[in-house]
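Structure 1 and structure 2 below are two forms of the same protein chain, each written out on its own as structure tokens.
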Structure 1
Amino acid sequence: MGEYFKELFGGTKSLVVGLGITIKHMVKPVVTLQYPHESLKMSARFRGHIELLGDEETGASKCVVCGMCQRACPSGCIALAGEKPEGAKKKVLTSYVLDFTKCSLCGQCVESCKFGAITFSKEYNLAGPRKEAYIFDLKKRLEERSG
């Protein structure tokens, strides 16, 4: 009999304590961010999709078309091509295409690049109706950015 009442009162108490906790949280301010209206700034190391980096003076890509990033990529999302103009010492990038549909954002391409030619973008609001929208021509994007 004692056990019975102990169980009854103990159980009821635990239920009341639970109600107390939820009401306590109810009167506290909300912790969520109203996403489409506000959004967070990504941290400095955030790994978005990659982006080509331009030379600070000329704005041209720093890429020397060594192809290390292409080889490092586990998913084969990078396709790049370059040519050696007459009289130049280094190769010049002619196209750099990222197939973001396959990218797993591992960052091995950026790590493999010894020339600092690629970096992570901070973009994360990516959505679109077509697959083709995610085949990025990074060279064109660089040119658009630099002006």
Structure 2
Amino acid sequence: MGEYFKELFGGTKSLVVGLGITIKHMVKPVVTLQYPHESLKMSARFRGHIELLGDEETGASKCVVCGMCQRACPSGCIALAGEKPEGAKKKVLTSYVLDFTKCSLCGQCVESCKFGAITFSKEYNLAGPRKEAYIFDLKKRLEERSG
């Protein structure tokens, strides 16, 4: 008979402890985000895909088409092209394409750029139905952001 009451007391104690934990977590503030309507702010050290930076005055790309980012990329995911307009001293960027399906986010392209023309974006919510959705024309994206 004593064993019965011992088990009854132990079960009741376990129930009260469990309910105490449940009540304690019920009154804590909610930390869950309602995803499609709310999103997290990315930390300063987050590495998304690369993006071109524009000059504050002109809005044009800072890229001088030296090709260092393309040579430094171990994945071979960067393709850029430029041309030298007649009478100009420097080349002008005509296209900058990133194949994000190949990118390993190593950061060697950003480190090799001596002109500060590329950086990591804060975009983390990339989704697409096909591979082609991850081939970015970074020059076009820069023009859309600044224009």
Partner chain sequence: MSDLARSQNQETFVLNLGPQHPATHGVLRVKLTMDGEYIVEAEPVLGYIHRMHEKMGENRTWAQFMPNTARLDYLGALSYNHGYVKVVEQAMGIEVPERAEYIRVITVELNRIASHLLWFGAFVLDLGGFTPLLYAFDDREHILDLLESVTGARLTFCYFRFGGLYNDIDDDFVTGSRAFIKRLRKRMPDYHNLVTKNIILITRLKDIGILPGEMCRKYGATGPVLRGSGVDYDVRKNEPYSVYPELDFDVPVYSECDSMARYMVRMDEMEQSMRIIEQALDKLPAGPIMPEKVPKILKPEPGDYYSAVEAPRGTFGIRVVSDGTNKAYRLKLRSPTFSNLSLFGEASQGMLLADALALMGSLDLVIPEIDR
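Given the structure is predicted, the values throughout are model-derived calculations rather than measurements. Residue numbering: sequential along structure 1, first residue numbered 1.
Trainee: Given these two structures of one chain, say which is the form predicted on its own.
Mentor: The form predicted on its own is the one given as structure 2; the other form is structure 1.
Trainee: Based on which rigid part the C-alphas fit better between the two structures, which of 66, 93, 115, 39 occupies a hinge?
Mentor: Selected hinge residue from the list: 39.
Trainee: Tell me how far the smaller rigid part swings relative to the bigger one between the two structures, in degrees.
Mentor: Angle reported for the domain motion between the two structures: 35 degrees.
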